[in-house]
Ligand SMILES: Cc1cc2nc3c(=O)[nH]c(=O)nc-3n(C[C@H](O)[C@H](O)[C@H](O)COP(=O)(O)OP(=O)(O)OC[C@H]3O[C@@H](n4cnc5c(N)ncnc54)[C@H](O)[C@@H]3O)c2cc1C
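As structure tokens, one chain now follows by itself in the form predicted alone.
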């Protein structure tokens, strides 16, 4: 987040008219209203907590994992392509610095583990947040007290009810006067099937399939060394894994790599190169292109995964055949020992089944936000500033922020999520002037056209081949 109005391909942000209905969240002195519930203690959820703490609003943070940043920990070995100055929230920094926190060098590139250890963990430990944070508390459903989705009269006056499963397996219900859903998408990866459905045999082939960002050069080395891996997906999580596998192949004989994408070419993944304002992100595509053109990675284009056929009882005994059937009927196949499904993520809307949400048919986000983030039109750096107006649903008082707010778009940046958190919390405090004063500076990708829009995120750092790289819409990191 920045105090500088964005310019360039997005232009300066303008103050918007008051189009969204103000949530009923103003708390009179001595009120016994329940707190605001924040779902998720990742970077964006804790940013919302910091913003709420600064405004003196009561809140509770519910984190499904056993620690803050639990999803980020899953890719802790990966290095972000964006430096620290893009990865921290302004309110969080103010609270931390008041407690004596020393900010990391703003120009260095942290790993996921460093983001958690050096930023999220001390933030969560602050006295303004720690007493209001619960880990091991998974939100399974949200509704209104006494109201299913059909009932209308008096609905906005009823508190939200969150059904929460705790670490010991028990279930409880928590009331809230508003909900900020920053639960992310890490736990709901997309399937391999090119049509959005699981490929034929995908469930039976689960033992052969891993998801985005395995620790190829570390804890998962034994899974990939000396084996043939098929990486499916055209985003930056795929690129990260491909480059790590190419590095592994230098020291592990027999390691082979195939990359399968639906597109006719990989220019979208190669990205903006030297035109990218984040050099590490630009170098990613350049390096991947080199590995493909020199034959270290075999690229299959026009590959529409439709069926998986295991060739043995398990991956330790044999490989798996992956069959592509294109829309025009053309069939091709490849046999591999392992599959990395770097096919992106999608939001889980099942927990809001009793709320009145309005979702864009294409993106799975609010209709107001959808055209601003459509990856057919935008890259990360060309998404204009947006906030509470674009994130408002018919269910007053519920807002999804962070990567979940983007639906299936892979163009999310942490800085965007922090600005969303600031705008929504300002609205919940009744400060609509601040809520609509959208100011954001994002680094451009160098690929602003629809033909070259790219998803962004995190990546591997260290080693002979690797650079600080990226992942697509995965984790609530700098993008995911």
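Positions refer to the first chain, counted from 1. Note that the structure is a prediction, hence the values are computed from the model and not measured.
Although not depicted, the form predicted in complex with the named molecule is the subject of the following passage.
**Q** Whether residue 413 contacts the named molecule in the predicted complex should be assessed with a 4.5 Å heavy atom distance threshold; does it?
**A** Looking in the predicted complex, residue contacts with the named molecule include residue 413, since a heavy atom lies within 4.5 Å.
**Q** Can any non-hydrogen atom of residue 81 be found within 4.5 angstroms of the named molecule in the predicted complex?
**A** The answer is yes: residue 81 has a heavy atom within 4.5 Å of the named molecule.
**Q** Quick one: is residue 72 in contact with the named molecule in the predicted complex, heavy atoms, 4.5 Å cut-off?
**A** Yes.
**Q** Is there a non-hydrogen atom of residue 241 within 4.5 angstroms of a non-hydrogen atom of the named molecule in the predicted complex?
**A** Residue 241 lies outside the contact set for the named molecule.
**Q** Of the listed stretches (243-251, 215-223, 316-324, 182-190), which one has a non-hydrogen atom within 4.5 Å of the named molecule in the predicted complex?
**A** Answer to the contact question: 182-190.
**Q** Considering 382, 258, 343, 87, which brings a non-hydrogen atom within 4.5 Å of the named molecule in the predicted complex?
**A** Comparing distances to the named molecule in the predicted complex, the residue within 4.5 Å is 87.
**Q** Considering the named molecule in the predicted complex, which of 228, 393, 138, 290 comes within 4.5 Å of it through any heavy atom?
**A** It is 138 that has a heavy atom within 4.5 Å of the partner.
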